[in-house]
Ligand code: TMP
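One chain comes next, on its own, written out as structure tokens in the form predicted on its own.
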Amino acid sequence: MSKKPIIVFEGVEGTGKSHHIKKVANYLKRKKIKFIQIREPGGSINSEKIRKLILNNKSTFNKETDLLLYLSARSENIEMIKKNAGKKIILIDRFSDSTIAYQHYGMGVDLKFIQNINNHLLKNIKIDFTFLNTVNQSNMKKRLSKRRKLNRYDKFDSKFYNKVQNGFLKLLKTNPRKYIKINSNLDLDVNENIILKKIKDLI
């Protein structure tokens, strides 16, 4: 594995993945280690424009349009990822696993359709490691209730989020050596230590 790996933080809403990626970014800054940080959808000017469209509460896209918008947002980030791959650590808040978990396992979009477009976009880009953050329904609801503003993807029912989280867990089983499952029901400090210890090993 490259010492400048591509590291992804995955999980459903309310799992703390965005918190943890910020902690890792702060650690790398303190150590003066070069990195870039991307979120999906988002991460570049055009991708952020698409993000606003996807997450807008007034948007009513069908599931195929939703998928294509997410992949369009990813397409806008590919050159940035290629440019920095192997030169800087790349931290990504959601990536291809989210597309499969949400759009296939959650919404029922054909898996081969998703994979074909995603493979076309990524080509030789490979994820080195993924932190999969999981959470129970009770804690997820509590955390979402504390958010000042909820976007369209914060408002699905419990059944949907269960399908998505189970989809993530199925993906983990396909290559468990490249994943760590983070139990987000535990204290933040516990998980911060687990994640930073693994980050040190990876870099």
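All values derive from a computational prediction rather than experimental measurement. In this text, residue numbers run from 1 along the sequence as written.
The same protein also has a form predicted in complex with thymidine-5'-phosphate, omitted here; what follows describes it.
> Can you check whether residue 153 is within 4.5 Å of thymidine-5'-phosphate in the predicted complex, heavy atom basis?
So residue 153 counts as contacting thymidine-5'-phosphate.
> Even though the partner isn't displayed, in the predicted complex is residue 102 close enough to thymidine-5'-phosphate, meaning a heavy atom within 4.5 Å?
It does: once thymidine-5'-phosphate is placed as it appears in the predicted complex, residue 102 has a heavy atom within 4.5 Å of it.
> May I ask you to state whether residue 17 is within 4.5 Å of thymidine-5'-phosphate in the predicted complex, using heavy atom distances?
Yes, contact at 4.5 Å.
> Within 4.5 Å, heavy atoms only: does residue 163 come near thymidine-5'-phosphate in the predicted complex?
Output for residue 163 is no: heavy atoms all beyond 4.5 Å of thymidine-5'-phosphate.
> Which pick from 33, 169, 55, 144 sits with a heavy atom within 4.5 Å of thymidine-5'-phosphate in the predicted complex?
That would be 55.
> Exactly one stretch in 131-139, 172-180, 38-46, 24-32 has heavy atoms within 4.5 Å of thymidine-5'-phosphate in the predicted complex; which is it?
So the stretch in question is 38-46.
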